[in-house]
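Given next, in structure tokens, is a single chain: the form predicted alone.
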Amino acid sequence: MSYNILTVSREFGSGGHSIAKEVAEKLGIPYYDREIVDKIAVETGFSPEFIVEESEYAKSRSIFAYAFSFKGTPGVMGGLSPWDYLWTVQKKVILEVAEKGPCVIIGRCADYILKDRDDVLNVFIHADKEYRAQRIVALYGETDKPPLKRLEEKDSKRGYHYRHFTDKIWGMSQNYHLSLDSHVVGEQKCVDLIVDIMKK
């Protein structure tokens, strides 16, 4: 099996972002994260800040409430809610990016959006909460919320968002080709393993 495209999903604070970026650098291929946000902003007119928040995070802890929290206005965004409209454009952008050639795409349900391609390697990066909590404090500093609470909120929102649009469970190993514990394996070893698989 030959893989040209890597999608990386990750728990907050697991180092998935850093791992994905280093893999792209080692393979000499484009890395898409903020670039996708900018492309979506151009097509939708939404601010990048809105897109960053809404393209990976659900608005509510309730799937039902999330799905019906904002009904679209006829004639505006095709009558879709802002979240469904954003999803439609995000899907289009990711499909276009994948068509351009080998690349690394982080988050935004790219694994699901590219599910019909046979040259995509889908990876999920996770780690235990204590390790991630220490990591986010070191990287982003303290806030008024305890680190563990920050992890819980981010991961819960990503999970609800993923389930809403894919009808699958975020983080479940069966949804990915490779699931790596960045704490146990080590971030550098994760990079090396992924690069090795991509090259083969």
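We number the residues from 1 along the sequence you see. As the structure is a prediction and not an experimental result, all values here were calculated from the model.
Separately, the form predicted together with another copy of the chain exists; it is not shown, and the next lines address it.
With respect to another copy of the chain in the predicted bound form, the three residues Ile169, Ser179 and Asp196 uniformly fall within 4.5 angstroms at the level of their nearest heavy atom. In the predicted bound form, another copy of the chain stays beyond 4.5 Å of every heavy atom belonging to Ile94.
In the predicted bound form, another copy of the chain lies within 4.5 Å of some heavy atom of Glu11.
Taking the partner from the other structure, another copy of the chain in the predicted bound form has a heavy atom within 4.5 Å of a heavy atom of Ser173. Using a 4.5 Å cutoff between non-hydrogen atoms, Ala98 does not count as a contact of another copy of the chain in the predicted bound form. Interface residue among Ile106, Cys103, Leu121, Ile113 relative to another copy of the chain in the predicted bound form, by the heavy atom within 4.5 Å criterion: Leu121.
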